[in-house]
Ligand SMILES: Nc1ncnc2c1ncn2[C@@H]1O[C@H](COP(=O)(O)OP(=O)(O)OP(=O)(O)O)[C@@H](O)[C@H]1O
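What follows is one chain in structure tokens, specifically the form predicted on its own.
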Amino acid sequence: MSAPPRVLTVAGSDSGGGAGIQADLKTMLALGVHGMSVVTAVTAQNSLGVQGAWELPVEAVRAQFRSVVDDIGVQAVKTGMLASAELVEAVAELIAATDAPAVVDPVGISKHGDSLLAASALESVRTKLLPAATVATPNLDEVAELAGVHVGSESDLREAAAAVLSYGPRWVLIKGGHLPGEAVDLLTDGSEEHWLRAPRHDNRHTHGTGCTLASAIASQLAKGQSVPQAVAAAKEYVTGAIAAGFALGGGIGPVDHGWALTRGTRGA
């Protein structure tokens, strides 16, 4: 039997299983690709927040990446938590030299408001990581942090997209999930625009949404879809995962990565 498409996530570990490497691999399994991982950091994390984070040495990250890419190969790469300027620059160099589309989720702050990226790393994200991205997927807080653009309404999304595109990614997906009303995102490469809309679900259990979306995009790109096709399919997948998000622990629970696989069976 032939192997499924291969996708590599370069991100931090979430011990609670809702975000990070764990969310990425669950998403990839649900979407029919073979997920592989480069762990950049280990977190002590649960539904209440991040209690601690420890980044791995650059040489450990580089060795993991080369081990996978040089032997197994990849059809897409997704990046998440990179923690420090040194890790950002090393990963940017690695993905720029790899012949595969790269989805960059410029993770800065966790769902609970915990910082996951050193302030000193922001310039490296702008000048090294974003230029290596096929698609960058910042949320509104990350747009403000990276580009200084504060989005207060849907009409501001174009300005935000232009600001992020100025750093060099081929496409940018500005995630408008923090705005009131419909969950609207803007995907653009500076010439064509795609507005993606979905109903907003009244569910507070949304931990891992950003990781899940970026991994879903990478999974669809690995299958050979175009960027607009991949983002539209990923948006549909993550909308279902949000709708099925469940309580876990005493805080914010995760989205349900297996919602389409387990529909009607949970609790049986």
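Treat the numbers as computed from the prediction; the structure is a model and nothing was measured. When you see a residue number, it is the position in the sequence shown, counting from 1.
Heads up, the form predicted in complex with the ligand isn't pictured, but that's what we're talking about next.
When the ligand is superposed onto this form from its pose in the model of the complex, none of its atoms comes within 2.4 Å of a backbone or C-beta atom, and the site is therefore classed as open. Residue in contact with the ligand in the model of the complex (any heavy atom within 4.5 Å), chosen from A183, A144, A100, A121: A183. T209 belongs to the set of residues with a heavy atom inside 4.5 Å of the ligand in the model of the complex.
Heavy atoms of P199 reach within 4.5 Å of the ligand in the model of the complex, making it an interface residue. Residue contact check for L221: none of its heavy atoms lie within 4.5 Å of the ligand in the model of the complex. Remark: A30 does not count among the residues lining the ligand in the model of the complex, judged by a heavy atom distance of 4.5 Å or less. The three marked residues, N139, K235 and V238, each reach the ligand in the model of the complex, with a heavy atom inside 4.5 Å. Residues within 4.5 angstroms of the ligand in the model of the complex, judged by any non-hydrogen atom, belong to 171-179 and to none of the other stretches in 85-93, 171-179, 147-155, 128-136.
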